[in-house]
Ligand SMILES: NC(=O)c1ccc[n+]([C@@H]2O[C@H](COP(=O)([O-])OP(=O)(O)OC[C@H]3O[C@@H](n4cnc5c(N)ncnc54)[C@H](O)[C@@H]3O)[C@@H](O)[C@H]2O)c1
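Read the single chain below, which is given as structure tokens and is the form predicted alone.
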């Protein structure tokens, strides 16, 4: 087990990509703090239509420890309290995965300022705060790892001005933080998923799903497990000399551009 006994935090881990990451970290031996607004997984219109078990339950089936923490990562005090509680419950923190994010699929004409700022408060400011308050803990670890989840849309439009802007910002924040904490032997990397089969895709129509399939060179969409295995690699000793990098996991979406 590459992550045997290590302690991981995954935000937005009840559903979708976060759930997949949390389960795959546990599959490789990590104990996982599951952070989200709701413990029950989201059931989507196109994907995960009948999912029932919680992420904690799935992790415990794998023989690892897990606890759920209800946290709004856009609330600074809540983030501070989260670290105090998790460090008390688990004793240390080795891996932090910033996956929590929201999407408002509106264009510049339609999105309100409040909606734009809400996306920024979760996707960017929330990730910043989770990272900022993680540093005292991961710097003490022999295996300090911070992993952000961005998007292929960090490199182009298509998700609305708020989503694409925040996801692009995460790529550069990764590089900046990686340089800052390198002397503490902490790595910071970012994964940019392509089209992944999760409830986040509920806004799609059958026509836009077909178009996304056409634009993905590999003959299937991605799954949360695909992103989970990428996160396991970046969290493991196999990636101990990789930092400040962007790992695109998109089925080849960006390759023809």
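Numbering follows the first chain given and starts at 1. Note that the structure is a prediction, hence the values are computed from the model and not measured.
We do not show the form predicted in complex with the named molecule, though everything after this point is about it.
query = What is the one choice in 31, 230, 201, 189 with a heavy atom within 4.5 Å of the named molecule in the predicted complex?
reply = Only one option qualifies, and that one is 201.
query = Does the named molecule come within 4.5 Å of any heavy atom of residue 37 in the predicted complex?
reply = Result yes; residue 37 sits at the interface with the named molecule in the predicted complex.
ask   = Do residue 102 and the named molecule share at least one heavy atom pair within 4.5 Å in the predicted complex?
value = It does: once the named molecule is placed as it appears in the predicted complex, residue 102 has a heavy atom within 4.5 Å of it.
Partner contact for residue 145 in the predicted complex: the named molecule, 4.5 angstroms, heavy atom = Looking in the predicted complex, residue contacts with the named molecule do not include residue 145, since no heavy atom lies within 4.5 Å.
ask   = Might residue 14 be said to contact the named molecule in the predicted complex, defining contact as any heavy atom within 4.5 Å?
value = Because a heavy atom of residue 14 falls inside 4.5 Å of the named molecule in the predicted complex, the answer is yes.
request  = Tell me, please, which stretch of 104-112, 86-94, 70-78, 134-142 lies within 4.5 angstroms of the named molecule in the predicted complex when heavy atoms are compared?
outcome  = Comparing against the named molecule in the predicted complex, the contact stretch is 70-78.
message = With the partner left out here, which residues of 132-167 have a non-hydrogen atom within 4.5 Å of the named molecule in the predicted complex?
response = 149, 150, 151, 163, 167 sit within 4.5 Å of the partner.
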